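First comes one chain, alone, set out as structure tokens in the form predicted alone.
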Amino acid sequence: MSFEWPWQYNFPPFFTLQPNVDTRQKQLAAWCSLALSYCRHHKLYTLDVMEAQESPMFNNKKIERKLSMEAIQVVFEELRKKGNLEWLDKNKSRCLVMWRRPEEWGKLIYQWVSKNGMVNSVFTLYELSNGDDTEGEEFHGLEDWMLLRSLQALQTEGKAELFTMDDGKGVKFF
């Protein structure tokens, strides 16, 4: 299944930050939505800012337009304010993209656990993200850092407990 671009993506002014405050807010909302949808479609969790500028996400070769580095930083800052992005370094050159926040992943995982009658069961983190039982689930293949944060969110809600085993981390659901 190919990624479906929003209509604005083929509209050249979309690639220039607009001076009018109202227009700019709508434009930033559209860019944030596009960035999260693109990352979700391609299952991207980390981005390098320099590479992002050359990726199709911010570079439409068909109309020969690309978003400037300054504008990409503005979009990323907006995503950070919304809780969908976290910087990995002080230079703001690499970031974690959370197209679904840890609490949302935790909810999905817990729904799967409940639906399959696995409350009070113990899993390794590997089994949850890469096991045969989770094949076809949205959280299958979830990166370790996001899985861990999701389970920590469930632990805060009292629905799970993380623990360390000889060969890594495990979790028990309640």
Partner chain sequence: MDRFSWSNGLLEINETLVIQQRGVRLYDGDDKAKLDLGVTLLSTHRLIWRDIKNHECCIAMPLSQIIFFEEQAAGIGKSAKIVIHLHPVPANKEPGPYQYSKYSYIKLSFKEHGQIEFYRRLTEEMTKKRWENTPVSQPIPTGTGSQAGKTRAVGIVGIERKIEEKRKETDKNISEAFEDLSKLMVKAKEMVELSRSIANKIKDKQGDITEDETIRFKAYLLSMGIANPVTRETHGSGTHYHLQLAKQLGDMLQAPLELLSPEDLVNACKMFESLKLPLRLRVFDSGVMVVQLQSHSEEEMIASALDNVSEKGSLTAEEFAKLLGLSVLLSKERLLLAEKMGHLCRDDSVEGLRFYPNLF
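As the structure is a computational prediction, the values presented were derived from the model and not from experiment. Residue numbers count along the first chain shown, from 1.
Not pictured, yet referred to below: the form predicted in complex with its partner chain.
Although the partner is absent from this view, N20 contacts its partner chain in the predicted complex, with a non-hydrogen atom inside 4.5 angstroms.
At least one heavy atom of E51 is located within 4.5 Å of its partner chain in the predicted complex. Contact annotation for Q27: at least one heavy atom lies within 4.5 Å of its partner chain in the predicted complex.
When contacts are judged by a 4.5 Å heavy atom cut-off, G158 does not count as touching its partner chain in the predicted complex. For the options H140, R65, K107, H42, the one in contact with its partner chain in the predicted complex, meaning a heavy atom within 4.5 Å, is R65. Residues of 83 to 110 that come within 4.5 Å of its partner chain in the predicted complex, judged by any heavy atom, reduce to N91 alone.
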